[in-house]
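Only one chain is shown below, in structure tokens, and it's the form predicted on its own.
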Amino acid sequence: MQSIKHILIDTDPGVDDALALALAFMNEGLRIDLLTTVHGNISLAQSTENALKLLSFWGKHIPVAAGAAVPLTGKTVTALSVHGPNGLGGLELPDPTCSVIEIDAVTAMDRVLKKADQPMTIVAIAPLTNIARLLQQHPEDREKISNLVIMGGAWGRGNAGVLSEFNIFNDPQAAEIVFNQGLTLTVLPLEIGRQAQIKKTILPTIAASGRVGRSIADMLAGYRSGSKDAFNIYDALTMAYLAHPEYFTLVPAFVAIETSGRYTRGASLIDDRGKLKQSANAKVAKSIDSVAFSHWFEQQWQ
């Protein structure tokens, strides 16, 4: 009998976030105990509304808690040009039939972690503001986190700054806090999403799979990340990792976050060769078996 992995997801939906959530629900080995929202691709208010609309439309019942509306310092930077004006590729969903729980995201995460029988996995597919606040306010919760799986960072060039990936760029101070807590961190950087594109020719298959698939296909039709023939689906890689970690080649590395550089704010310096004489604080994906990933992804909709 397959064991169930209980997870928390911190998100800013976002088309690729919505796809990640859909894949999580399809995975019988995962159970989402809490969904928390944060600023990022869109405002916190839109992020929370999108999460509630998706869950309602898909008929899923997961507690949702709203989190940080702004980074620890500075202002958030949205990605409406990529995800559309409402974050869902322009797809309009009915008003939600559920609402957020009465406590904030940090309090909700703390309660779920403390109540858990075993340490849990947190999946962070958004700026790390909520996670940093959790670790600052409840440092004892570190021992209840078995793995923090992060979609963020870049080995080289970025997509928000010259060297800065969007999620880290949006709150580098939070990222710096998170990477220095001694947690087990699994980092899936920007380049992995570019290695594991999904072909646009699969859209009819996704749409034909049912209610969830139709909504995902409609969102992807308004998504502006990738090439003429394929999509970059960064956040969904976290679910591929949870389902099939063997697809990924991970290396131990020391990851430092640039918080105040004039041109490099939000850059993630990933040192896997010991140049900085620092102990590794994360395992970072260097490559993915894109053929195996593509086959797995296609199977989800059949």
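Position 1 is the first residue in the sequence shown; the rest follow in order. Please read all numbers here as calculations on a predicted model, not as lab measurements.
Missing here is the form predicted together with alpha-D-ribofuranose; even so, the following discussion is about that form.
Stretch-level contact analysis of 8-16, 290-298, 277-285, 21-29 against alpha-D-ribofuranose in the predicted bound form, using heavy atoms and a 4.5 Å limit, identifies 8-16. A heavy atom within 4.5 Å of alpha-D-ribofuranose in the predicted bound form is found for one listed residue only; from 181, 195, 159, 107, this is 159. Shown without its partner, this chain lists 190, 91, 185, 113 as candidates; in the predicted bound form, only 190 has a non-hydrogen atom within 4.5 angstroms of alpha-D-ribofuranose. Contact check for residue 166: a heavy atom falls within 4.5 Å of alpha-D-ribofuranose in the predicted bound form.
Although the partner is absent here, residue 125 sits close enough that one of its heavy atoms falls within 4.5 Å of alpha-D-ribofuranose in the predicted bound form. Within 4.5 Å of any heavy atom of alpha-D-ribofuranose in the predicted bound form lies no heavy atom of residue 268. Residue contact check for residue 134: none of its heavy atoms lie within 4.5 Å of alpha-D-ribofuranose in the predicted bound form. Of the residues in 57-86, only 83 comes within 4.5 Å of alpha-D-ribofuranose in the predicted bound form through at least one heavy atom.
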